[in-house]
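Heads up, the chain below is alone and in the form predicted alone; it's given as structure tokens.
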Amino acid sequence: MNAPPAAARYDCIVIGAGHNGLVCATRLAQAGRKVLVLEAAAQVGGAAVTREFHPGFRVSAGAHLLHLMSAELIREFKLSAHGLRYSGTQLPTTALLPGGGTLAIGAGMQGADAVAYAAYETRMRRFGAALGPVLAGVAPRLGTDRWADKLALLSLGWRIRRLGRKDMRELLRIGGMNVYDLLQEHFSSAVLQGALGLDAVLGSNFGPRSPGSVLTLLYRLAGESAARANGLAQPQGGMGALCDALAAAARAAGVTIRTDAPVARILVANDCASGVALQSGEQFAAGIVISNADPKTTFLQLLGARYLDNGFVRRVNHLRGKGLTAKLHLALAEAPRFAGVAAERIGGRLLIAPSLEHIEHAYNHAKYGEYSIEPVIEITVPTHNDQGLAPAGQHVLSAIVQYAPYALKGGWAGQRQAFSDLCVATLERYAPGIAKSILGCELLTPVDIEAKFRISGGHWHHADLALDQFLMVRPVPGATQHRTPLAGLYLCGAGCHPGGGVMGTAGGNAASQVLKQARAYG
């Protein structure tokens, strides 16, 4: 009998070709490492892919707008040279009201709220810019004697102090509060409050009254500060085009990318990660393994609890990461007509969140394992800017819908159609006639997101962005700073600092940690 072939050898193996995995791999390859990326799906991108959901109609499967990836990273990786183009930038936001009323956020606002909004926007974006470097770097550890950690904390304190006494006190005051109270302090317009409040809870397990919801808003603003001029942007060809450009940059740096290569387990030798085995039985050896999968998948499935102590396994098991957000895709025979929305704003972001109370009531259902009967929705019509996503004259509608709990009481199998019909009926109230125009409909619940994109719990951030799962303690104590209890195993996905969103920062920070450890050990 012939002996099995020796496993192919690499310096680093990255599990998952989502945007964070690709950024991590590229940085490592640029530093001279021999890197292999293994992706279970047939295409790179993870949940940030463009896929056909109805014959001839394509849509960004998860996030549908790009607004968190830093301009510096896009330039560094020369993504424009690798095919990244935009079909729209600086996209406007319009809040929709029952009966045809609208509010164009920012532009055209009048009265006291317009003045208050200008001041609020300036101050909050200033806070976001001050906190931006916290996201861009590896989170410092608390309670250590390492100068690097002390300097990182001192740097954070200095950036906050540089805001000035008044703004510093304000940032410290609002950091742990809820967005409901914050917006009630500043604005009288219910629809403006609702539109701004939605940004704090979108994709999260929060309602406006939840403590810490201002923190998630600051997280978004900190990410947007690094994106700079593009604002809310739509890549031409959908979000998958961004990941295709990242993959091209990775290959140009020397990275090997294998698709249709699901990893079955992380291999361990001498209490260190030593490679991976695919579901096909094929094995690859490496001294460093970096997982772009969520923490629960990484530790409990790919690695296995037998390599971890009981306390750590308990913390991972208790990590909160059950999604509350669904994605709705509609193939339309004609352009949707939203009452009161000017033609030039149809290609932007449209919000159904008429008040903070509306959002909070929608969230109340999710607390008891029910879907919202009056969901809040973020809508885009990507074909308004990029006709290539649908047949000529026809359109795609892409909507993020809250709240749709992963652990729905009674399960999704018997309630999927009812919730889908409810979402369409909600859209019909704001875009009369849209239901008759539907040629195809796809609803991705958190359960579907888990199955299609291999994300435990179907949570886009892999774990809630909450005070006890954020910054220095993300995802859990014992697995911070991208390192894990197993030597040679690292995390680079949305479940580690700074969190989710199409940002790429987690991947870049993970690469820096791998290289730093390599230098430390010669």
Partner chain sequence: MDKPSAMPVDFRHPLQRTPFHERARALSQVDSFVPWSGYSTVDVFTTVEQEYFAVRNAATLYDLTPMVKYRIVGREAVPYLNRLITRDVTKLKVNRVAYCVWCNDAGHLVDDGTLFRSGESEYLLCTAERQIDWLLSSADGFEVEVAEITEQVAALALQGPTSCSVLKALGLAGIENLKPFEIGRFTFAGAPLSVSRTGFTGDLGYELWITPDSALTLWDALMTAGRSWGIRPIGSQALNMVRIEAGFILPNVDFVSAEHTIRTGRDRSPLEMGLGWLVDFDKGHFTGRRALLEEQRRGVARMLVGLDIAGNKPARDSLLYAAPTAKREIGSVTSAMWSPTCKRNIALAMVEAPHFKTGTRLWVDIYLNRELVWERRMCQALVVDRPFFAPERRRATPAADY
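From a predicted model like this one, the values you see are computed outputs, not experimental measurements. Numbering follows the first chain given and starts at 1.
Beyond the structure shown, there is the form predicted in complex with its partner chain, which is absent from this document and is the topic of what follows.
Engineer: Report whether the minimum heavy atom distance between E428 and its partner chain in the model of the complex is within 4.5 Å.
Structural biologist: E428: no, not in contact with its partner chain in the model of the complex.
Engineer: Taking its partner chain as it sits in the model of the complex, is A31 in contact with it (heavy atom to heavy atom, 4.5 Å or less)?
Structural biologist: Taking the distances in the model of the complex, the answer for A31 is no, it never comes within 4.5 Å of its partner chain.
Engineer: Using heavy atoms and a 4.5 Å limit, would one call L308 a contact residue for its partner chain in the model of the complex?
Structural biologist: Result yes; L308 sits at the interface with its partner chain in the model of the complex.
Engineer: In the model of the complex, does R314 have a heavy atom within 4.5 Å of its partner chain?
Structural biologist: Heavy-atom contact with its partner chain at 4.5 Å: present for R314.
Engineer: Mind telling me which stretch in 54 to 62, 23 to 31, 41 to 49, 481 to 489 gets its heavy atoms within 4.5 Å of its partner chain in the model of the complex?
Structural biologist: Among the candidates, contact is made by 481 to 489.
Engineer: Among the candidate residues D271, D421, E344, E72, which is the single one with a non-hydrogen atom no more than 4.5 Å from its partner chain in the model of the complex?
Structural biologist: Contact check passes for D271.
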